[in-house]
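Quick setup: one chain, the form predicted alone, written in structure tokens, and binding and motion questions come after.
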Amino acid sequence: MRRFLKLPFVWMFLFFLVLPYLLPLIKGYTALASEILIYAMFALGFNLLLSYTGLASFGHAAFFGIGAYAMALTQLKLSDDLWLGLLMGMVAAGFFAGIVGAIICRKRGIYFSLLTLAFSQMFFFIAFRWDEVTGGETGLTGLRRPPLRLPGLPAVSLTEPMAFYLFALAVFMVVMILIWRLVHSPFGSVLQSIKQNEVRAKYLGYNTVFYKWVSFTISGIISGLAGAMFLLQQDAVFPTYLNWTESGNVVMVTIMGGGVVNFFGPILGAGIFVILQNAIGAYTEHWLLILGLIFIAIIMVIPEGILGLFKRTKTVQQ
């Protein structure tokens, strides 16, 4: 039992289990807790690329939005089955991430980042203009949350905010544990070696382009799943999901929380971002400006992010 309680995932699960009851203390609500989980999932997928592979993507919202659109089109054109919609969101995002990754993973540094931004804006303009499929500027609305169906059990409605939150929590926990296992596997060690020195990793015999492509594709799949979950949260999807501003948000979330030095940094950053967005947005439409100033202040004082402060304190004590 002691060993079990030492696992960070246990405390993470217990915290999120009570989070919907804590948010009303700061004028929050259950749907806000679901949004935190979804953004945290998106940021964890992005952080696999940024902090473990050393690739800075400025266009990761493309796969977030593709996952949302794939989920919506599956519900409208094929079936309203929940699992099929989520699967199609992951497959579509992974497919396009694989194609984009195959084109750009030979590039490094700012060239890689700018190419991700260019592809993201290309997908954004396609979604913005393709009225017959994506709904154009008005997006796809009027969607609903399909019930949760498991073999041998009665269907569970997800229309209630708490029911959807518990489902989002279960998906988030699975994704978080899988990413944790991935980055602490031999595959994850190769990714970190590429981040430290790609040339030396090549000399050791690793096909670094292939490993970067796999990391990029997996990151895209996780982002697509987060996008599909966000669609269920909002019951609609719009082209802005793919815009560069959304890509900037996930970068800010990851760095602000301390994802570059701590696996759980993106989760903290997602919580801070969503809560501040809701709190500041209630008073002014210029919430992004204020949040940007807060982000600048944090990075100037703690370049490693908020969780980097604890690492710095620990180093000083040693």
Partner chain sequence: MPSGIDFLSQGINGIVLGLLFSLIAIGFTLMLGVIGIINFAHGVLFALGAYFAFTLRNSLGFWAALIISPLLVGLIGIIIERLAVRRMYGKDALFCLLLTFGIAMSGEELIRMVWGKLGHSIAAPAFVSGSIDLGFMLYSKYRLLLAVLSALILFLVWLFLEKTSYGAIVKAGAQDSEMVAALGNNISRMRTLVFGIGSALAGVAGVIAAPLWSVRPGMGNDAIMPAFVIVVLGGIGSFWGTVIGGLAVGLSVSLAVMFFPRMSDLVMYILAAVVLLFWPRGIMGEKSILED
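These numbers come from a predicted model, not from an experiment. Positions refer to the first chain, counted from 1.
What comes next is about the form predicted in complex with the partner chain, which is not displayed.
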Checklist entry - Should residue 147 be classed as touching the partner chain in the model of the complex when contacts are defined as heavy atoms within 4.5 Å? => result no
Checklist entry - Taking 4.5 angstroms as the cut-off for heavy atoms, does residue 249 touch the partner chain in the model of the complex? => result yes
Checklist entry - Even though the partner chain is not shown here, does residue 84 get within 4.5 Å of it in the model of the complex, heavy atoms only? => result no
Checklist entry - For residue 288, is any heavy atom within 4.5 Å of the partner chain in the model of the complex, or not? => result yes
Item to check | Options 217-225, 101-109, 174-182, 74-82; stretch whose heavy atom lies within 4.5 Å of the partner chain in the model of the complex | outcome: 101-109
Item to check | Listed residue (95, 125, 206, 187) with a non-hydrogen atom within 4.5 angstroms of the partner chain in the model of the complex | outcome: 125
Checklist entry - Can you name the residues of 219-236 that have a heavy atom within 4.5 Å of the partner chain in the model of the complex? => result none
